[in-house]
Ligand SMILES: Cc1cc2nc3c(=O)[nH]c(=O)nc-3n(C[C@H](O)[C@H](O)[C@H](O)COP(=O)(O)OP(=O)(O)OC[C@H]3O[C@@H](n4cnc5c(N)ncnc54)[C@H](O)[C@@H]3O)c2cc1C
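One chain is shown next in structure tokens, namely the form predicted on its own.
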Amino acid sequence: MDRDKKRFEQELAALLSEAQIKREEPLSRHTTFRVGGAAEYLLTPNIGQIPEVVALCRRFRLPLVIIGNGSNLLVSDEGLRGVVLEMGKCASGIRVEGTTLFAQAGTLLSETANTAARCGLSGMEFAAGIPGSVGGAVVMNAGAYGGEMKDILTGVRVLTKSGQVIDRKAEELELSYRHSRMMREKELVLEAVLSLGPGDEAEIRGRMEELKEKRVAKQPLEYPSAGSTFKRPEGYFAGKLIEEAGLRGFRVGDAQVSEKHCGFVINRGAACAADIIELMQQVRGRVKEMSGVELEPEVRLLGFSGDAGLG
């Protein structure tokens, strides 16, 4: 081990417990695709520890990647050198004040929606089945069934590139389809402030159950995936374009275009990241040939050279 790496580990050990530091950790354990090589360091700080951990990584000029629940990621089979900071259970927590809900970035959307329902607060029903964390959902303005995070978000607490922790109002966030200011400026969401409305718990849970039944009926939830693989092109639906290109059930190894919903690429059990990337490339090429539409990945690609031909 070189001297700088040893010093980094010594300083890291002064910030985090041994349980919060994993070395050469397979990222297949931390993504819903269930693929991906190892992270040189996987760190799980709590919200209060994050600014110091990020500053330490930057001081030692180590590559730093932030992940949440791993629900919108495809990590290369070679893995990632440097540090992967996981905003998970250690960085989760919910506080309710009247009709306002404060959720730390690592909190699961499902947990947040269930807490809102239990408190008789309506507005998060659309998010109950999205398998992601609050921070990731805010950064990409996640949405489903006619609702988006921008509909309920009033503010965020972020860690800026300069290391400042500041609060931003929703109108400053440039929220649009799968885009935000944080994405552009590489700001790290620490907490989200959500404005909800009063409602009847039974009615809220009824709506959540209705949306759950739609998901189960239409989406391949029985297989590992990263959700919708491609963004919705303006004026089209990615799944419909893929189906019209004759690609329902198309496979590369154990990676497959779902027969249930063509907008999903699934891992049938033994796929590797290379299979999934190859399938995505072929799907993108076939759709472009058949319809003239360029599909853009919705899934975030980590550890691939360039844009893996998917930019």
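Bear in mind the structure is a predicted one, so any value in this text is a computation, not a measurement. Note that residue numbering follows the sequence shown and begins at 1.
Beyond the structure shown, there is the form predicted in complex with this ligand, which is absent from this document and is the topic of what follows.
Between this ligand and the residues Met140, Met208, Val83, Ala117, the one pair within 4.5 Å by heavy atoms in the predicted bound form involves Met140. When this ligand is considered in the predicted bound form, only one residue from Leu101, Val75, Met124, Val189 comes within 4.5 Å through any heavy atom, namely Val189. Annotated contacts: Lys22, Val54 and Ser92 are all free of this ligand in the predicted bound form [non-hydrogen atom within 4.5 angstroms]. Using a 4.5 angstroms limit between non-hydrogen atoms, Lys288 is distant from this ligand in the predicted bound form.
Contact annotation: Gly227 falls within 4.5 Å of this ligand in the predicted bound form, judged by heavy atom distances.
Within this chain, Ile130 lines the site of this ligand in the predicted bound form, having a heavy atom no more than 4.5 Å away. A residue is said to contact a partner when one of its heavy atoms sits within 4.5 Å of a partner heavy atom; Asn46 fails this definition for this ligand in the predicted bound form, lying far away. Remark: of stretches 236-244, 194-202, 161-169, 140-148, the one touching this ligand in the predicted bound form is 140-148 (heavy atom within 4.5 Å).
Within 4.5 angstroms of this ligand in the predicted bound form, the stretch 52-73 places a non-hydrogen atom from each of Ile66, Ile67, Gly68, Asn69, Gly70, Ser71, Asn72, Leu73, taken in sequence order.
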